[in-house]
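Before any questions on how it binds or moves, here is one chain, the form predicted alone, in structure tokens.
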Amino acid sequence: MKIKWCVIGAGGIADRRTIPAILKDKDNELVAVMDRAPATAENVGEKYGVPYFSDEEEMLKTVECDAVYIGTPVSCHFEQASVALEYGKHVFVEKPVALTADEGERLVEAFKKAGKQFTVGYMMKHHNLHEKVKEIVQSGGIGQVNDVRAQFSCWYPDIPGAWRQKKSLGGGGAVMDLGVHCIELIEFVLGEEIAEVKSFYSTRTFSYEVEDGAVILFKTQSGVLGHIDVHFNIPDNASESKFELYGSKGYAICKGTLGQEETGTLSYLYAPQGDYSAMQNRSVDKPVEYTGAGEDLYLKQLSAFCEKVRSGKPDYFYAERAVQVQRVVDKIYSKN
């Protein structure tokens, strides 16, 4: 079954990553694109040789499709996903699911009722090294997990018209854009939810209204402690993009894996200690090293979505996880 795709929000990540991923699969077909900026719609439509529109309803009325990809500002997700569902389409929406957990939950329930597949674009769980970390953790490879750290940043200076820098459009700044990836990945790897959060955030370097940096402290349901650092004000080459897990028997440390590509490394050390050592001597054992496989993360997540569509058996597990992520974000913003 070839899946015909329409795209809502044709610029940005759709043009850079998602549309190329759609076209890599011979069982997918791009049939139309839409963007509320007419020039963007025209440029992307002509680039890929498909009809282009500046109104989503006009596109859905005009063009026959099976699935809709939504890559618009977060403030548009609820409305546009709802419109696509009214036209009977399966929907893949970019992260985060919506402005609030309540909006996200309403979307999931609507898609369940209609029996249409609904997925949110958290691609990092498909990274081969993150999958390996999950395997290590779930098999007891570092013992009881006691500490988790995630560091994710990018350089995002003041840009005229940038929707991520407006609270009404993006819902927030570094937490809403980068922090959600970390929260989703942590819960994926641990297989449990973040239960408590405390945070600090500020706009320190730039002049836009959303936060350009944040530190989030958390505790999971079972008591794992951790912290997440997300920043818009650290240069790209000055951050190692780390994802670290430390347990009672070792560690699993990823470097350079938090991003849009399947790159980076994973160092895994199994080092159970046994008795207490008063001398605190720290001999360094050599960890096992793994590397990123270099596959297309966007193609991976789209393939998982298409598999569910073709099976005729919608799966809402990760959509529900995306709502849970938004519950954590809602708590972060409500406490400040």
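Start at 1 and count along the sequence shown; that's the residue number. All values reported here derive from a predicted model rather than from experimental measurement.
One more form of this protein exists, namely the form predicted together with a small molecule; it is left out here, but the text below deals with it.
The partner is not drawn, yet in the model of the complex one stretch among 219-227, 202-210, 247-255, 156-164 has residues with heavy atoms inside 4.5 Å of the small molecule: 156-164.
Although the partner is absent from this view, G12 contacts the small molecule in the model of the complex, with a non-hydrogen atom inside 4.5 angstroms. Interface residue remark: G121 is counted as part of the site for the small molecule in the model of the complex, having a heavy atom within 4.5 Å. At the 4.5 Å threshold, heavy atoms of V74 reach the small molecule in the model of the complex. At the 4.5 Å threshold, heavy atoms of N28 stay clear of the small molecule in the model of the complex, well away from it. Residue-level contacts in the model of the complex: of V63, A293, V288, A37, one residue has a heavy atom within 4.5 Å of the small molecule, and it is A37. Note on contacts: among S241, N128, N233, Q80, the single residue with a heavy atom within 4.5 Å of the small molecule in the model of the complex is Q80. For the marked spot (K95, D177 and Y298), a heavy atom within 4.5 Å of the small molecule in the model of the complex is present in each of the three residues.
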